[in-house]
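A single chain comes next, written as structure tokens; it is the form predicted on its own.
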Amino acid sequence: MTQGSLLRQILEYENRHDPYPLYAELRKTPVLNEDDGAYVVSTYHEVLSLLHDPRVSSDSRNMTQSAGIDLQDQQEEETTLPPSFIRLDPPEHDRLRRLTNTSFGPPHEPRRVHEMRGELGGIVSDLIGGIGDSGRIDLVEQFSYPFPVTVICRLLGVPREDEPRFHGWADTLAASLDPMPGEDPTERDKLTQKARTELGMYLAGLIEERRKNPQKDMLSELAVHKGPDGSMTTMELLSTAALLLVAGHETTVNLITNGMLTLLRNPQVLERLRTDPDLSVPLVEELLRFEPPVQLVPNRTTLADIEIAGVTIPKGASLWLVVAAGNRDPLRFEDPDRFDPDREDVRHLGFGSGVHSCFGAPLARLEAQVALSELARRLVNPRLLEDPPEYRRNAVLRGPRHLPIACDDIRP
């Protein structure tokens, strides 16, 4: 294996079930210049430094050198909407993020996420109660997948009767991020564009309705908010709502599914969680280090020459930050390949860091805590039916496509 081929090997599907030995090899060269010109950074302190470096851009329009490996099918598709704020740099990024945060967290709505705990518990309880045959359960299809999109519907204020339509659009958009081999890309793109168009038209109508008749939901507050940063245009609001749906959904599906897979591989921890739901708080933090739902941050770029770890990354270069490799860096974490929810120092990169740290992190944390603690409590003697399970093809948003499990019974 040549070092120049490491990134391609990481992206190959045959390594999706366990990329960590490749990450260990990658860390031997903290800043690797790939054969195609991309720079790949994999060690904890170097990744963290670049996540906080204002000379690193998230706007691909600043990239002047080769983008390296094409990840068209690994990321959010291009749309006719303006870029969401995660693809922008300050000051425009900051303006849109501040506007979005007015209805999501402190200081304007400090209790919004906390007050959703009861509703999250109700959704989780209903999904577990509807599982049916406990002899074979696909945790992704029957639980991890429908849970976050239902939560996002409630957060935005989508009427209950419209939630099935929202689920349908989410299904199509998720499929576009995880294409199957042999699938007709033209037909997939056609279905994806149709879903995006229908979702955009639906949200535009809902935004107009909320401007006339505001409710106590996030979409209403974004639609009518006026402040020092002005207000969002309809197009900006559509882009932000689509971001919350796609980014907020896919990452949480992986966090919950990776979490349950890890717990089933560590039954002593699963039993502790069953009897002590408070363990879910440190457990989720360790999961975000050990099996992060976002494995790497591709195609950022440099606004100036940057020297790091003895390497000068030139202005305009394609920059890849492998956060999952950083999370297993033995120079940062003791015994990093061991899953340990009692780990005292767990400042992981699972939600990124810096100005682009995960906007939805408080909600994702709570969703995972509620979901995993309730699954541990209600499933009697749960066990894996396949290990490793079938993984999604997406290398950025890594997680099982299906997770077949069985249990003896389901507690009320």
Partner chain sequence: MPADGYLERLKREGRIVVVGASLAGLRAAETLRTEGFAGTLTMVGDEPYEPYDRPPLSKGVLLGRTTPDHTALPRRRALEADWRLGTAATGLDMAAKRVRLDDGEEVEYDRLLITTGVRARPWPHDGEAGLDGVFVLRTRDDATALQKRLADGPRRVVVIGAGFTGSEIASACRERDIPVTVAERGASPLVGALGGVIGQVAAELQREHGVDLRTGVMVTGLEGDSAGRVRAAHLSDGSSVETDIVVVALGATRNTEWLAGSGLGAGPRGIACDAGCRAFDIRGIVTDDVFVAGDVARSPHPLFGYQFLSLEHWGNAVSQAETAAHNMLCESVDRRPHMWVPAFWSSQFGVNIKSVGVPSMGTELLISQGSLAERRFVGVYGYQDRVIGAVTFDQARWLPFYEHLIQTTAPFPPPFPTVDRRPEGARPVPADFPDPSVPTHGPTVTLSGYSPADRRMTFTPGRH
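What you are looking at is a predicted structure, and each value in this text was computed from that prediction instead of being measured. Positions refer to the first chain, counted from 1.
Keep in mind that the form predicted in complex with its partner chain is not shown, yet the notes after this line are about it.
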| Do Val355 and its partner chain come within 4.5 Å of each other in the model of the complex, heavy atoms counted? | yes
| field | Exercise: Asp89 in contact with its partner chain in the model of the complex, heavy atom 4.5 Å | value | yes
| Is there any non-hydrogen atom of Gly37 lying within 4.5 Å of its partner chain in the model of the complex? | no
| Does Arg211 reach its partner chain in the model of the complex if we count a contact as any heavy atom within 4.5 Å? | no
| its partner chain in the model of the complex: contacting segment from 39-47, 347-355, 24-32, 382-390, heavy atom within 4.5 Å | 347-355
| note | Picking from Asp126, Glu198, Asp94, Asp178, the single residue whose non-hydrogen atoms come within 4.5 angstroms of its partner chain in the model of the complex is Asp94
| Ok, Glu109, Asp337, Asp229, Asp342: which has a heavy atom sitting within 4.5 Å of its partner chain in the model of the complex? | Asp229
| message | Suppose contact means any heavy atom within 4.5 Å; which members of 123-140 contact its partner chain in the model of the complex? | response | none
